[in-house]
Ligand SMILES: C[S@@+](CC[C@H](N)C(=O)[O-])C[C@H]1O[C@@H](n2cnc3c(N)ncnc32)[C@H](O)[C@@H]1O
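Next up: just one chain, as C-alpha cells, the form predicted alone.
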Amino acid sequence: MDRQQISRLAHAHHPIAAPLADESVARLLDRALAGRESGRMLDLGCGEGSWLLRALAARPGWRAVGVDVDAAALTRAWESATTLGLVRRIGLHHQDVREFTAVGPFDLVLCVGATHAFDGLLPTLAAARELLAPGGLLLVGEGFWEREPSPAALDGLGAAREDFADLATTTDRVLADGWTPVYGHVSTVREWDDYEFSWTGSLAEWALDHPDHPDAAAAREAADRHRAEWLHGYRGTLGFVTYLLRRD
C-alpha cells in the first residue's frame, strides 16, 4: 500500500493534513486574505485542495493554483471544486513542487505540512520567495521540538535530532532568512490529539470496513504502527507552528 493511498484514507475525516482545527484554519485564512478582495494564491503540496477551496469559497475575487504529486488527490480536488462551483477559478498541476514554474507572481503562497517536499523549512522559504508578488504573504507550517526528543520519539518519527529545532530557534531562522512573522499559530495538544486519532482511526476504520480488500491488512498495520509511534514516542514532543510571513 503506497504512502499516498495511506494518506488519502487517513485524512478522510481531517482533510487538512496538519494538526489544525477548523477554527484555526479559518482564522489563519482570514488573516492571510484580510484587506484583499482579489488576488492569486498558490498551494505547494495542496493534496485535495482543502485550503484553496475554503479560501475561494469565501473570496469570490480570488483565483488559485494547486500543485501536488498525488494524482488521485488532485482528482478529488477537481471534483470538489466542480461541486462547489469553483472550478473556473482553480488550476491544478500534477507535478513535483520543486519543478513547478509559474506565470506571474502570487499574492499568497501556502505550504502547510509539506515542507518535506523541499527538504525542509529554509528551502521552502527560498522557493516561496521566487513565487511571491511584492507585498505578498507566505503561510507555512512546520514542525518543531516542544521538548528534547527521546530516542523513542525520534524512532517513531523516523527523524534525526537536527531535523527540527525548538520554537524560538525555528523563528530565529525565519527572521534571519529575511522574513517577518505577522501572525502565527502553535497547534495545541487538543489539535494534535484530534489529528492523530482521526488519522489512525480513519485508516483502521477503512480496514475494518473492507476486510476482503487486498490492502486491508496493510492499512490496519499502518494505523496500529502509527498510533504506537505517536502515543509511545513523539506525543508532546513534536510541535507544529503555522507562520504567516512577509518579506522584509
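Residues carry their position along the shown sequence, with the first being 1. Please read these numbers as outputs of a predicted model, since none were measured by experiment.
Omitted here: the form predicted in complex with this ligand. The next part is about that form.
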Partner-contacting position among G136, P149, G113, G156 - heavy atom within 4.5 Å of this ligand in the predicted complex: G113
Interface residue in the predicted complex among A165, A127, V97, L132, criterion: non-hydrogen atom within 4.5 angstroms of this ligand: V97
Heavy atom of C46 within 4.5 Å of this ligand in the predicted complex: yes
4.5 angstroms heavy atom contact with this ligand in the predicted complex for A21: no
Close approach of E191 to this ligand in the predicted complex, 4.5 Å, heavy atom: no
In the predicted complex, G233 touching this ligand (heavy atom, 4.5 Å): no
Stretch in contact in the predicted complex with this ligand, which is absent here, among 47 to 55, 211 to 219, 27 to 35, 181 to 189 (heavy atoms within 4.5 Å): 47 to 55
